[in-house]
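Just the one chain here, the form predicted on its own, laid out as structure tokens.
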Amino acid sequence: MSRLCKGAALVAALALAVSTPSQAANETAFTDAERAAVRALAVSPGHTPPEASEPALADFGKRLFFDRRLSGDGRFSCASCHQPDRAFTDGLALPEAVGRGTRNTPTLINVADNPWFQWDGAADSLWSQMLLVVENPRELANDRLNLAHTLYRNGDLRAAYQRRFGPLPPLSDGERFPAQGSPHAAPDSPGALAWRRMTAADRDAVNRVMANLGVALAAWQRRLIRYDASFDRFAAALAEDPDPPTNKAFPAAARRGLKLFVGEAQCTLCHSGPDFSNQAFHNLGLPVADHRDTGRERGLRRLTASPFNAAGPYAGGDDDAERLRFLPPPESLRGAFKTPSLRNVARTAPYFHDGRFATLEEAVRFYLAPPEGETLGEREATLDLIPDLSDRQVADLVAFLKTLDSAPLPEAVTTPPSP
């Protein structure tokens, strides 16, 4: 830091130290407009986690989530990267399973009502997003025929599946159902050839097994709901009292940070609503890293080509196929990624889609000046509305973000089932 900057920082610190009580109160008092903005971020009073309509189905989904047999080599499960004690992330910049991933592991807490899934929105339902993970060669590296056979030859999985979905296809018939195969296998590989040799009806039967596994996993993930952070308690108090007392759980710095968040810093342009995400896709002008990830551009192409999207033959009655008619051209969102939720953000480092920032302070400071370097697509002009912030204001924003951590989920939801 230059001598001039150090001097300015000292002056600012001295000014803060001699501020009067009324000045300090003004810094943490909320206007009517700010209170309304905070209400828009809060959950409805009396909100409770939804109950699973079919507890047995959710229990089967939980078993699948922790089961390493879902991976091609039997070494990894969904929980290998979505670890319950890390808010269902892994603490790594990029995940490490069968291979090293290219995108940071997002939390699964409160994902049930999201309209799009994965950083690029390549899935449009909670049940279908897991299917992308199963066949990703860097993640679980399985294929749908091998997965169906895994269910069939393991009596515990077969029984649990058939209790909810009925009989599996006649997978003992190796001529009709080869041991391995997938439409995503390399074009001339044995797996691709085996898949193409199957009849359309048999391919459909295997696809339905995949879809049903996604339905079970989604039923369990709907239990991963938490809106009980310090912020939620403060928002409830603020709705009743224009100036609720400051306490250790929501200190003065957090109050100043919240005022910045809903006001001058313009954070709610993207991080809006109770999940602190507008669920949209934005190009932040990130300099290109080793992996040239086109984000939503690729996600849109994958989504529209997938038989598991909301307009496909495996979708349920709750899937919204109509919105697929109004998707933008993929190239218009080159380099854009989904706005992540800020719930539990202090527990889910590193940050951004490629995990490039290790701390919350680094992530906040990124927005204060456009970075240099090659970018993909066009940086969003909305970012130009964000003002420069002082070191103290950055610290206040970070203090507020730390109040978004919720209590741990019940052990009954997060503990692996008994073998």
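All figures in this text were calculated on a predicted structure; none of them were measured in a lab. For every residue, the number given is its place in the sequence shown, counted from 1.
The form predicted in complex with a small molecule exists for this protein as well; it is not shown, and the discussion that follows is about that form.
Here the marked residues 68, 150 and 308 all miss the small molecule in the model of the complex; none has a heavy atom within 4.5 angstroms. For the options 202, 297, 139, 275, the residue carrying a heavy atom within 4.5 angstroms of the small molecule in the model of the complex is 139. Residue 286 is the only one of 160, 192, 286, 198 with a heavy atom lying within 4.5 Å of the small molecule in the model of the complex. Among heavy atoms of residue 227, none comes within 4.5 Å of the small molecule in the model of the complex.
Not displayed here, the small molecule is kept clear of residue 255 by more than 4.5 Å at the level of heavy atoms in the model of the complex. At a distance threshold of 4.5 angstroms between non-hydrogen atoms, residue 119 is in contact with the small molecule in the model of the complex. At the 4.5 Å threshold, heavy atoms of residue 386 reach the small molecule in the model of the complex. Judged by heavy atoms within 4.5 Å of the small molecule in the model of the complex, the contact stretch among the candidates 161 to 169, 177 to 185, 233 to 241, 129 to 137 is 129 to 137.
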